[in-house]
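Single chain ahead, by itself, as structure tokens, in the form predicted alone.
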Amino acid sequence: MTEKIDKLMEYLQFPAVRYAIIVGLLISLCSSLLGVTLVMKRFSFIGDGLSHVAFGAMAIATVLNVTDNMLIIMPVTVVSAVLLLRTGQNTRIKGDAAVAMISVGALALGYLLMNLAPKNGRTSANLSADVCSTLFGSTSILTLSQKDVITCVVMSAIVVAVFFFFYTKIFAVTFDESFAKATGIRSDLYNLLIAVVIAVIIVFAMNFVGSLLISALIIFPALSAMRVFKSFRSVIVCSVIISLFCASMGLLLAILEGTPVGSTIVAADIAVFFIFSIISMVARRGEK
């Protein structure tokens, strides 16, 4: 144990490791805040769909040799969030079909573009490594720059501020959208706001945990909290605590054992979900 602690202290002396921990905790915080709303509104599919869109946008940025790929990934993902919401409300194209159409199409076209474009000195092995890293996250945590951290801090502050400033409106839209409309709340506007904020979170989380694992960070903490708690505020608080705990444990294990960061964090989320499921089962039997 002492050897592990010494090894951890040694790694923490490197700025890149500290950057990864800061970014990981911020992404987990933002994901858990909006995750509860998405799960309760049955919008969980949006996170998965947008993660595929972000991959396709990243492939376009790679093919075009864009230095700052955020200039393409961010607007494409945000626009797709709007389209998913609008298309999902269309009576001719149901929500699940819209997600399948946009997300799978973006994923396939992105991979196709990366294969057809000039390789610029990359071998097929390099291409496979790039795709695997993008889909499942980097196997190394030493990839974040100070600029990445500053950007993530700013965007996380905006996300948290938006959530707390519009908390009552989000609460109303989440539980009873029809009643919210009757009271004068513009539910369509707040649904759009939620979708755009989730798009922003997904874009910043993609390089950290991978585009296929982002939705797990959004869904699992919320589902775990909902197994034990019932009130909206309690579920959110518990979801945030679970998300931060799992992110911390996943990051520490990744540092000490050299495992992929995204997969390790998701594995911790899954373990906590099963623990909370058992607690819920025991509590229900105790009530009987």
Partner chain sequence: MSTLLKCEDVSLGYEGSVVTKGLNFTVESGDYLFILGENGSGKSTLIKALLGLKPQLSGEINFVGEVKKNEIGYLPQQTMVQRDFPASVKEIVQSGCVNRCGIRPFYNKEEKKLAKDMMERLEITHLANRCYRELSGGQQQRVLLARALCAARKMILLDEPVTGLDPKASNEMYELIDGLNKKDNITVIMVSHDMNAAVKYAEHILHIGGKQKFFGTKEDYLNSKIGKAFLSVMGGEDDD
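Residue numbers count along the first chain shown, from 1. What you see is a predicted model, and the numbers here were worked out from it, not measured in a lab.
Another form exists, predicted together with its partner chain; not displayed. Remarks below refer to it.
In the predicted complex, its partner chain sits beyond 4.5 Å of every heavy atom of Ala59. Its partner chain is not shown here, but in the predicted complex it comes within 4.5 Å of a heavy atom of Ile185. The closest heavy atom approach of Asn191 to its partner chain in the predicted complex falls outside 4.5 Å. In the predicted complex, none of the heavy atoms of Val196 sits within 4.5 Å of a heavy atom of its partner chain. Checking 198-206, 102-110, 160-168, 73-81 against its partner chain in the predicted complex, the stretch whose residues place heavy atoms within 4.5 Å of it is 160-168. Along 219-241, these residues reach a heavy atom to within 4.5 Å of its partner chain in the predicted complex: Met226, Phe229, Lys230, Ser231, Phe232, Arg233, Val235.
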